[in-house]
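Below you will find one chain, with nothing else, as structure tokens; this is the form predicted alone, and questions on how it binds or moves follow later.
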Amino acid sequence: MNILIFGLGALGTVYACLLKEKGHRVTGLAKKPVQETVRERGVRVTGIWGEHQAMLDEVVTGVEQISENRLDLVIATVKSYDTEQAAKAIAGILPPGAHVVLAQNGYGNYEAAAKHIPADQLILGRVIFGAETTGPGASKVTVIADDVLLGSPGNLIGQGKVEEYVSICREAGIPTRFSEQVMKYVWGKIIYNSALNSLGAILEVNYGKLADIEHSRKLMESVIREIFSVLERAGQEMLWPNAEAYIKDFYEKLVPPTALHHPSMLQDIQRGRRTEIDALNGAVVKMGKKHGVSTPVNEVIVSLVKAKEAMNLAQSAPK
């Protein structure tokens, strides 16, 4: 299969390396410094899934550089704020019958991509394994809480076709399964990230530490309850009947497998990069205003992350 990985960050590197190792033709799209390193050294994955290394067929900085234009699958792993720009570029090279998997954090990626790519070519992914960048084209898989889920919102793409991509990922060593309710699972991850990722970035601790301390537990539970209030008013169905049921699963099933994971948002802040807070707690605040639901704790979380982000961006700016 001819596959384009759009973004060679922590997650994209894992997909590129493992799919290439399995024998697929893989093109990676990355920024210039990463492109140069990956062209020379390939991509490397370490961590809980073992050690893997592969040389990609092509590494480009723009879709116009791709020599093999008959793509079968695109896996988009860019940050949420780059989704629409990426979708616009992908739309220009995506042939009929090919599909795009959106393997990203946050709310709004599907809606942004659908502005440029037909909905019957879009597959939504819920990715809940953790990976950290250890260098250009190098990634370490640190934790996994559940299988990756792939599905078509509205079931516009037949299960058989989605299952084909599920099998490709599973054979490459990435635990994956199909879901007819992928949006419900995506919202489950948004809640998980809004409670853990943002607060972990502010306090600079792993997920387990947040669950150990009474004060951070209270904050996370408030974040969760506010989100459920917003989703209830918005009419979004969930896999849990209420916030209390989610909180029970949160502490018993979701946090323990990822307790040692450090939030990606913290990694972004430490590297002087923009965070995805607007697609997580920020999206909740925006939805709350739209539906007349107060979200004071989420609002404070957003302000704290943005303040920390701005301070680190200022420090990393060229003098």
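The first residue of the shown sequence is 1; numbering continues from there. This is a predicted model, so every value here is computed, not measured. Each form is matched to the other, and the largest set of C-alpha atoms that superpose within 1.5 Å is called the rigid core.
Keep in mind that the form predicted together with another copy of the chain is missing from the display, and what follows is about it.
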When the contact criterion is heavy atoms within 4.5 Å, does I247 count as touching another copy of the chain in the predicted complex? no
So in the predicted complex, is another copy of the chain close enough to K115 to count as touching (4.5 Å, heavy atoms)? no
Residue-level contact is defined here as any heavy atom of the residue lying within 4.5 Å of another copy of the chain in the predicted complex; does K308 satisfy this criterion? yes
Examine V297 and determine whether its closest non-hydrogen atom to another copy of the chain in the predicted complex is within 4.5 angstroms. yes
Consider the chain as shown here, without its partner, and state which of Q121, N193, S216, T176 has a heavy atom within 4.5 Å of another copy of the chain in the predicted complex. S216
Check each of L199, V182, A89, V78 and return the one that places a heavy atom within 4.5 angstroms of another copy of the chain in the predicted complex. L199
Can you tell me which of 106-114, 217-225, 80-88, 236-244 lies within 4.5 Å of another copy of the chain in the predicted complex, counting heavy atoms only? 217-225
Do any residues of 177-209 have a non-hydrogen atom within 4.5 angstroms of another copy of the chain in the predicted complex? If so, which ones, in sequence order? L199, I202, L203, V205, K209
When the rigid core is used for the superposition, does S216 move between the shown form and the other one (threshold: C-alpha shift of 2 Å or more)? yes
Under a superposition restricted to the rigid core, does H262 display a Cα displacement of 2 angstroms or more between the shown form and the other one? yes
